[in-house]
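There is one chain below, alone, in structure tokens, taken in the form predicted alone.
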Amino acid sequence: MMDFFPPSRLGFIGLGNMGRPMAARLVSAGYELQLFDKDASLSEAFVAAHGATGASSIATLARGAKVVITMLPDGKAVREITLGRDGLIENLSPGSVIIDMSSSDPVGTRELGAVLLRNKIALVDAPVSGGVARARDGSLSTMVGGDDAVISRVRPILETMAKHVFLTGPLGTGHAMKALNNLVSAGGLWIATEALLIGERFGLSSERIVDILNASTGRNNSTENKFKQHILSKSFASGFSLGLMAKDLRVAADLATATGQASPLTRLCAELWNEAEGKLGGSQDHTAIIKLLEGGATAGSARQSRGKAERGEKS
């Protein structure tokens, strides 16, 4: 089997905030790209800016490519374009590969992979981390699950978009790792935001809080790359939505259930982000959670108040 180097023809489905710069990296590297997005204007704008070819349908795209990359909101969307009417499974030839770079449910990924394998189509899960800026410069990290031989074939494609390619194991482990990574990231952002607001109320400067955290053991990705850039500036423009973060945390919580691992903080984190999505709206940037915390009432505080009431204590 041949490896996929430029100018191989690839299909790319999903031109959102991350998909656009990732697809642009592939075009710049010399791949012949066929594009599809349910919002046709996104494909048209990309073609005008970068070249490539817009496909009129999933079926048209699939018939012209041996490798198709999906960069969609979730595993449900991937399943729909794969198994739905005139979808990928009906139109890809045997020996083709689907690389799902979305943040999908790992259990669902394994189920989808089994269906595709019966049709002699391979599935690789390769979600990414790093945000829009790193998608533009090709320095993303990708966590790749699947058959080693298949991954070897598509590795040149992955390395065009990602500086760090981590092989995680069997199919689904890439998506599991992405959910767990975002669990740690979301937990770090939330607790650092709480610490910031506590410090401000006590009289500390927000800028000084961030500087000290970043020179101390409290440092994390959010304190270094999100607070001054997107939270204190109130730009809220990291490029990753609150809804997608909440979805990834639900995936992590479901994974904890599927594995039987007791994970109380995971479940609390998922609950808090779900509430934030409900109150602020999923389209908000995920760094906007400070708006909810500044307001004071969260699922955690409501639960604490109920606990005090049950014990006969004053709030």
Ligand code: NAD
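Numbers for residues come from their place in the sequence shown, where the first is 1. Quantities reported herein were computed from a predicted structural model and do not represent experimental measurements.
Separately, the form predicted in complex with the ligand exists; it is not shown, and the next lines address it.
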query: Each of 196, 222 and 293 near the ligand in the predicted bound form, meaning some heavy atom within 4.5 Å?
result: no
query: Can you check whether residue 248 is within 4.5 Å of the ligand in the predicted bound form, heavy atom basis?
result: yes
field: Touches the ligand in the predicted bound form: residue 190 (any heavy atom, 4.5 Å)
entry: no
- prompt: At the 4.5 Å heavy atom threshold, is residue 273 in contact with the ligand in the predicted bound form?
  reply: no
- prompt: Could you tell me if residue 121 has a non-hydrogen atom within 4.5 Å of the ligand in the predicted bound form?
  reply: no
field: the ligand in the predicted bound form: contacting segment from 30-38, 262-270, 275-283, 45-53, heavy atom within 4.5 Å
entry: 30-38
- prompt: in the predicted bound form, which of the listed residues (158, 177, 81, 151) lies with a heavy atom within 4.5 Å of the ligand?
  reply: 81
- prompt: Pick from 128, 171, 112, 99: which has a non-hydrogen atom within 4.5 Å of the ligand in the predicted bound form?
  reply: 128
message: Heavy atom within 4.5 Å of the ligand in the predicted bound form: which residues of 51-88 meet that condition, in order?
response: 71, 72, 73, 74, 77, 80, 81
